[in-house]
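First, one chain by itself in structure tokens, the form predicted alone.
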Amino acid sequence: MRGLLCVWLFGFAALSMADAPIPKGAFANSACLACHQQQSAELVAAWRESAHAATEATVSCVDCHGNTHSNAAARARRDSTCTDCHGGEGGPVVHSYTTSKHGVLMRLEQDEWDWRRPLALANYRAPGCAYCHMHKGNHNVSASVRVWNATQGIDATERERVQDTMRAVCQDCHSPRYITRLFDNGERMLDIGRMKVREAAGILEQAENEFSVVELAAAREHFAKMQSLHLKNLYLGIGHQSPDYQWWHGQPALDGDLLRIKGALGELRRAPK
């Protein structure tokens, strides 16, 4: 009798926690957090650590999942949920992904996929935004993104942390040796890009002894684009495995910036005194 009572009590407790009725109708983000804090505190903690929660323009649960439970997970797994906020189809963040092999497969086949399947175990023919950045439902999207620094290298601990995070994603479909080769190639490519930026910075620093701020304005404009746009394009091309952003919007664009800076300074030196 005592055993039956224990079974009954345990069953009742499990029902009250796991099988409680899902709220009906629309609800606000605070309701999501309050409920999921009790059900999965780790999920909420991961979201709070992410850039989505940390930025001023906080990305809430309902922004991605909608404000009802109907198809909430499937809705958040679609690329359109992410791309609308991250610059749209024409922005470099999204475009660098859509021009990759993964992105092309996604665009061609996504209407045929079952988005109810978890973001793991190669459940999709190509990984979308959420598959890589929220692998296995990890709500800390920042875990797979390195701290961006245009000219300096990255701390070894930070690099290993991000690579380990991404390795767990990539190995769903690819071999360890192939993943390591891509990581190593990416690091070398970034080093070459940073080297070009540092060369340009050194040239401009020397030119400050020869020319005024006004005279150097054109060269500095090229340098600003080099740092803020073209080196970042290279970074995105490596992260998203986009040949266009590695070998068109990235390295060649950096070469062009460097040549234009040298050309602008050459014109100043040749100008009549």
Partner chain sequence: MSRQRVYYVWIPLLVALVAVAAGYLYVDWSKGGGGAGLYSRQWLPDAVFAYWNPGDFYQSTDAVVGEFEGEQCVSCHEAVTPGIVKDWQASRHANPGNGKATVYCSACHGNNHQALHLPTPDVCGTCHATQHAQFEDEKRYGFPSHALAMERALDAKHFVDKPKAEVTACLQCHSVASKCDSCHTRHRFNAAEARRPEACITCHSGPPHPDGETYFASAHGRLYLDEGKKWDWSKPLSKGNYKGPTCAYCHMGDGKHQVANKSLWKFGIKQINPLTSGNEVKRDQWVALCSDCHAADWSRQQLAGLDAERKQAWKKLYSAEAVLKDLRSDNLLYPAAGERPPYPADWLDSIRPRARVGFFEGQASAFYNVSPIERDYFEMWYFDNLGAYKGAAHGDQGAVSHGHAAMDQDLAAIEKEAGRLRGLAEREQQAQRRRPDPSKLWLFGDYTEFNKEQN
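Residue numbers count along the first chain shown, from 1. In this text, all values refer to a predicted model and were calculated from it rather than measured experimentally.
Another form exists, predicted together with the partner chain; not displayed. Remarks below refer to it.
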With a 4.5 Å heavy atom cut-off to the partner chain in the model of the complex, the contacting stretch among 164-172, 84-92, 69-77, 133-141 is 164-172
Has each of R181, L259 and A271 got a heavy atom lying within 4.5 angstroms of the partner chain in the model of the complex?
-> yes
Does the partner chain get within 4.5 angstroms of any non-hydrogen atom of D155 in the model of the complex?
-> no
Contact between D244 and the partner chain in the model of the complex at 4.5 Å, heavy atoms?
-> yes
M189 within 4.5 Å of the partner chain in the model of the complex, heavy atoms | yes
Partner proximity in the model of the complex: D111 to the partner chain, non-hydrogen atom cutoff 4.5 Å | yes
In the model of the complex, which residues of 98-136 put a heavy atom within 4.5 Å of the partner chain?
-> T98, T99, S100, K101, V104, L105, R107, L108, E109, D111, L121, A122, N123, R125
